[in-house]
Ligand code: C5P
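Just one chain follows, in the form predicted on its own, and it is written as structure tokens.
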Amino acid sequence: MADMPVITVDGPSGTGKGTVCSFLANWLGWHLLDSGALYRILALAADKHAVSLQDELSLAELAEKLQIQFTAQQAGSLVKVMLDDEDVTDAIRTEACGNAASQVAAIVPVRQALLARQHAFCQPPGLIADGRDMGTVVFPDADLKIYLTASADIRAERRYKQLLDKGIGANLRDLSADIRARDERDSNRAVSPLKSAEDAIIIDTGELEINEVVNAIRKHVNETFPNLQQ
């Protein structure tokens, strides 16, 4: 794993990490790890198997058994997520699942159970790792670390539009409150809190179009890997 090129893209939800990582994985032809989806998948599986979010041991055991596969589809689209041969791409993107995932992610035995599984995604020719602690904990020696940020209000507006586009009713004020609460929980948890690595490149996506974010990161990729063949 030490010689494998790794690019980490961290930041809170709603900053465009998933779309950016999909672009990068398609552009480079690298593997993709959506670590946030791991916790969403676990939360979904816990609900399916009637495992309490307070039952740390059972959650850790369930995490070790999950059969998960990520597929970067066309550039810019959401990553396709398979759980036990079932497409759960949409099921794990609900607000309820996201809030449950944030609770699950704070549990030390769960994070320990998933750490080795995250490392296993690091395979030739390289890895794009999307998450909240990819550059600080999971891949601290990554070649390039990106941290995306944006205000809670902007992220809430993005989520609101996404839900409306899908025909799902939503309340903007409630979404903003949920995002702020999730940020607070993720940033202040005792284990692997949400924060940028000291050597990360920070990009505020609040006033940028997604293509502007991607182009900025591509410049850093070319500078970091001058001999890379795309």
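Note that this is a predicted model, so its numbers are computed, not measured. The numbering used is simple: start at 1 and walk along the sequence shown.
What comes next is about the form predicted together with this ligand, which is not displayed.
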Check: Heavy atoms within 4.5 Å of this ligand in the predicted bound form: does residue 189 have any?
Finding: yes
Margin query: I'd like to know whether residue 205 contacts this ligand in the predicted bound form, with contact meaning heavy atoms within 4.5 angstroms.
Written below: no
Margin query: Test of understanding: in the predicted bound form, would residue 110 fall inside 4.5 Å of this ligand by heavy atoms?
Written below: no
Check: Do residue 145 and this ligand come within 4.5 Å of each other in the predicted bound form, heavy atoms counted?
Finding: no
Margin query: in the predicted bound form, does each of 39, 93 and 101 have a heavy atom within 4.5 Å of this ligand?
Written below: yes
Next item on the list: Considering this ligand in the predicted bound form, find the one stretch among 102-110, 119-127, 147-155, 82-90 with heavy atoms no farther than 4.5 Å from it.
Entry: 102-110
Next item on the list: Heavy atoms within 4.5 Å of this ligand in the predicted bound form is the criterion; list the residues of 109-135 that meet it.
Entry: 111, 131, 132, 133, 134
